[in-house]
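Just one chain follows, in the form predicted alone, and it is written as structure tokens.
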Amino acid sequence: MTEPVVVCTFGGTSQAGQDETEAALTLGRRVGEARGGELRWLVLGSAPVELDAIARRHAVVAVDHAEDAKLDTAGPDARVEAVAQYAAETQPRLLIFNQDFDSRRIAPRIAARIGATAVMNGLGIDVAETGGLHVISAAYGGDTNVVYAPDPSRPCVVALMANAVVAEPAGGSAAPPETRSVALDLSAVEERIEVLEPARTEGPRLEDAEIVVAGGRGLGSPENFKLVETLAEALGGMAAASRPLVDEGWIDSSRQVGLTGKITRPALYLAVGVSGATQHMAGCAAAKTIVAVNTDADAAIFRHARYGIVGDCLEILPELIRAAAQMGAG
């Protein structure tokens, strides 16, 4: 039997989580079709409400559902053990996770447990003529892409970055997937780290915004970030920031764009006082249009921008806000 391709997700029913799941299933289906293997979907914890519909859209052959009280606590030790037991049974050729805080903690550990190659910051996967995998990944702070050719004799674990793949349903009418409960023994697992207060996020996600206005050090002081928020509101978008502003407490980390923050794909990305460091550009390079405002004509951001304004952002922002307000009134 051909080794299966498995997409692994954790319990959750949010629209954002569903979009990322469908992107991972799209990639998994493409790899499976290219290698002649089946696509399986491993769900750890509570199942999505639209599980059957999602599985059909992406021609999933089988949905493997594992439920255990220890999986609902988001503890990494239980999840590592669960996937390791599952992999021992199914012998997957490829395991795909959506890259987030949780998968960053467990994907490398799972790879070590099952003797697999681990690739983080995944952007895509191609199948060579020989059947081997070529995994495209962001590297050097997102400044370049690299292609890894994992050892074909070993399984591979890939963490897929947000917005790296556009979800596309399979063509035609897919048969209902086989659904089965996965028996796991997690009785011996004791979490070594206790989460005292989980992070909570509310409202729209930066990753889904069509318009993003991001501020950087060029704003000068925390009080000036209000101009970024006002312009974002006038344009119907979301305010964001580079990492230095988050580190200095100007704004919450949920609004950080970059390799260690959010990966965005907006129609318009307006960078104000942002230098354009590679770590930041990793989070916005996929924008359809980048507009930059910076006093330094040689700033790296201008190499990525379609439109650029050389000038003081504190003088230009009020004018942009005024223009956006007039457009809205018109």
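For every residue, the number given is its place in the sequence shown, counted from 1. Between two forms, the rigid core is the largest collection of C-alphas that superpose within 1.5 Å. Because the structure is predicted, anything quoted here is derived from the model rather than measured.
This next part talks about the form predicted together with a small molecule, which is not shown.
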*Every residue in S46, L71 and R113 with a non-hydrogen atom within 4.5 Å of the small molecule in the predicted bound form?*
no
*Would you mind picking out the stretch of 104 to 112, 249 to 257, 130 to 138, 89 to 97 that comes within 4.5 angstroms of the small molecule in the predicted bound form, counting non-hydrogen atoms?*
249 to 257
_Interface membership of P318, the small molecule in the predicted bound form, 4.5 Å heavy atom rule_ = no
*Quick one: is Q279 in contact with the small molecule in the predicted bound form, heavy atoms, 4.5 Å cut-off?*
yes
*in the predicted bound form, does G261 have a heavy atom within 4.5 Å of the small molecule?*
yes
*Check whether P152 has any heavy atom within 4.5 Å of a heavy atom of the small molecule in the predicted bound form, and answer yes or no.*
no
*in the predicted bound form, the one of G124, G218, P177, P76 near the small molecule [non-hydrogen atom within 4.5 angstroms]*: G218
_Candidate from E50, D296, E33, E67 lying within 4.5 Å of the small molecule in the predicted bound form - any heavy atom_ = D296
*Taking the rigid core as the reference frame, is the Cα of L317 displaced by 2 Å or more between the shown form and the other one?*
yes
*Superpose on the rigid core, then tell me if the C-alpha of A66 is displaced by 2 angstroms or more between the shown form and the other one.*
no
*Is the C-alpha displacement of L27 equal to or greater than 2 Å between the shown form and the other one once the rigid core has been superposed?*
no
